[in-house]
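Below you will find one chain, with nothing else, as C-alpha cells; this is the form predicted alone, and questions on how it binds or moves follow later.
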C-alpha cells in the first residue's frame, strides 16, 4: 500500500483505508510516496506524472510552481493520479494532521476515478503510457532535431482542446460494409468480376479487361475531391490525423497529444464534483474518526482555507462540498419530488421534513441521503450535477449572485439575483470547460482542399485574437487555407488564413457553401 513512508504515516494509510471502505468507498490499490517540495513541484509540472515528453512548457510550469512555493503564494499538499493502481504524493514537511487529511482526500478521489461513469473509458495504465509517449517523442527528436519536433508540439498543443469528450460514449448502429452489396453483384473494390470456376476465370474475366477497369478506377479516384466528413465532426484532431498531409512522425505526435487530451478531459468535466466528493469525505472521516484534540485548530484552519470563497469567484471545493451536503439533507428530509417542488407556502417549506432525521448514517446503517450522493457520484458530471441539483434556496444561502466591482466604494456589489440567469451562466462556463464548440464541416471547401470549420454558439463567445492564432497553427498542419465560421455580434463572419495573411469577411450568398451546416 505504501512506499518510502515513515511508520506513523504508513499506519495511517492502512487505518484510513479501512475506515473509508467501511463507509462505502471503493477504490483501486493506492500507492503513496513521500516527496519534498521540489520533487512534488517537478511532478506537478508534468501534470502529475514522473515521466513526460520534453517540452518547454513543463519547465515554465515548474518555475512558476517553484517560485510560488518559495514566496509562500501557494503550496501543493497532495496529488493523485487516475491509474490502476492509483499513485498519490504526500509533501514531506506537512504536519501529521495534514497527512491524514490528504490521505482521506486521496481515497475519495480514487473512489471517484474508479466509479464515476465519465472516467470509465480512460486509460487505467496511463502511468506506463506517458512513459511510452516520452520515449517515442525522444526518438523523433534524435531523428529530426529538437527544435523541429518542439515547434510541431507547440502547434499541436494549441489545438489540443479540439476534441469531442463525449465520443467515447457513442454507440453507433452497425452498418453494412460499403462494399458488401457490390460483392454480391460481382463487384469488388470497384472492379467487376463475373463468377467463374478457376480454369475458366481468365476467359470470362480477361486480365486486360480487369487491368483497364483498374486504371479507370484509379483515374476517377484521382479526380475525386478530398474526403469530407459525412456530418459535422467535433473531433478536429482525429480529422487532422486521418486527412492532413502529415509525415508519419507528425501524425504520431498529434495522436499522442490527442490521447492525452482525452485522458485529461473527464477531470475537466468533473472538477466540481470530484473535489467536492473528496472534500466531503476527508471532512467526514477526519471529524468522525481521525482527528485528535491537539490537531483540531490546525485542521480547521487548513480546511477553511481549502473551502474559502470570495464574491464573484467559484471555488470547486466549496461548491461541490456544499451541494453534496445539500443533496444529502434534502433526501434525508424528503425535500424533493413533485409535491415539494409545487409547494408555494413559505412556512410549510421551512418546516418540511423536520420530523425526519437529517443526520447522515452511522456505520452499517444507510440513509436515503447517503444513498443519493453515491448515486450522484456515479452518473453525473459538473454540468448535469449543477443542472439537476442547484436550487434557488442554495443560491441564496451561499450568495452565488453575480457581482461587479464598484469603483466608487471599492467593493464587490451584487448586480444580479435572478436564479435562472445565474444558473444559465454557470452552465455556460462549465460546458466544454468554457471553451467554444468547433466542428469540421468541410475538408474540401470550394473544391480546393481547404479546411472549413464552424463555431456552434452555445453561450460561449469566440475570442477573435485566439481564433486567428489558432487558424495559423491549423494551417501549419493542414497545409492549405483554413476558414472558421463564427457569429460575432449577431453577424456571421468567416475568418480565413491562407499561409500569408489573415482576413475576415461577412458571410454572403456569393461565397461558396460548405458541405454541411452546424
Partner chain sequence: MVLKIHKDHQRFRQIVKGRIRDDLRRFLTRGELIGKEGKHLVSIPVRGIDTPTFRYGENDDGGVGQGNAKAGDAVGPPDGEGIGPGGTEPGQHIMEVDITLDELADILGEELKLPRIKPKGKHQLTSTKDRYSGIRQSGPESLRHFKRTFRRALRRQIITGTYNPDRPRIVFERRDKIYRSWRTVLQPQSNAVIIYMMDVSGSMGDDQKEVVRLEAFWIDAWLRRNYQGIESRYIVHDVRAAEVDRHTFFHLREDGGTKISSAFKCARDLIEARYASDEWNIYLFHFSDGDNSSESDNRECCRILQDQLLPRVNMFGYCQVASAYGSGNFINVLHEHFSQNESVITSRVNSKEDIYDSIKAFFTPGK
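Positions refer to the first chain, counted from 1. Definition used throughout: the rigid core is the maximal C-alpha set that superposes within 1.5 Å between two forms. Remember, it's a predicted structure, so these values are computed and weren't measured experimentally.
The same protein also exists as the form predicted together with the partner chain; that form is not shown, yet it is the one meant from here on.
In the predicted bound form, the partner chain lies within 4.5 Å of some heavy atom of residue 463.
Residue contact with the partner chain in the predicted bound form: residue 388 places no heavy atom within 4.5 Å of it. Looking at residue 294, you'd find every heavy atom of it more than 4.5 angstroms from the partner chain in the predicted bound form.
Interface membership of residue 429, defined by any non-hydrogen atom within 4.5 Å of the partner chain in the predicted bound form, is confirmed. Against the partner chain in the predicted bound form, the set 39, 272 and 470 is in full contact: each member has a heavy atom within 4.5 Å.
Note on contacts: among 446, 131, 415, 76, the single residue with a heavy atom within 4.5 Å of the partner chain in the predicted bound form is 415.
Proximity to the partner chain in the predicted bound form, defined as a heavy atom within 4.5 Å, singles out one entry of 302, 318, 284, 114, which is 318. The partner is not drawn, yet in the predicted bound form one stretch among 95 to 103, 344 to 352, 148 to 156, 76 to 84 has residues with heavy atoms inside 4.5 Å of the partner chain: 148 to 156.
In the predicted bound form, 398, 399, 400, 401, 402, 403, 404, 405, 411, 412, 413, 414, 415, 417, 421, 422 are the residues of 397 to 422 with at least one heavy atom within 4.5 Å of the partner chain, listed from first to last. Relative to the superposed core, residue 304 shifts its CA atom by less than 2 Å between the shown form and the other one. Core-superposed comparison between the shown form and the other one: the Cα of residue 117 travels less than 2 Å. After superposition on the rigid core, the Cα of residue 414 moves by 2 Å or more between the shown form and the other one. Note on residue 460 and residue 116: their C-alpha atoms are more widely spaced in the predicted bound form, a change of at least 3 Å from this conformation. The pair residue 460 and residue 274 is looser in the predicted bound form: their Cα-Cα distance rises by no less than 3 Å compared with this form.
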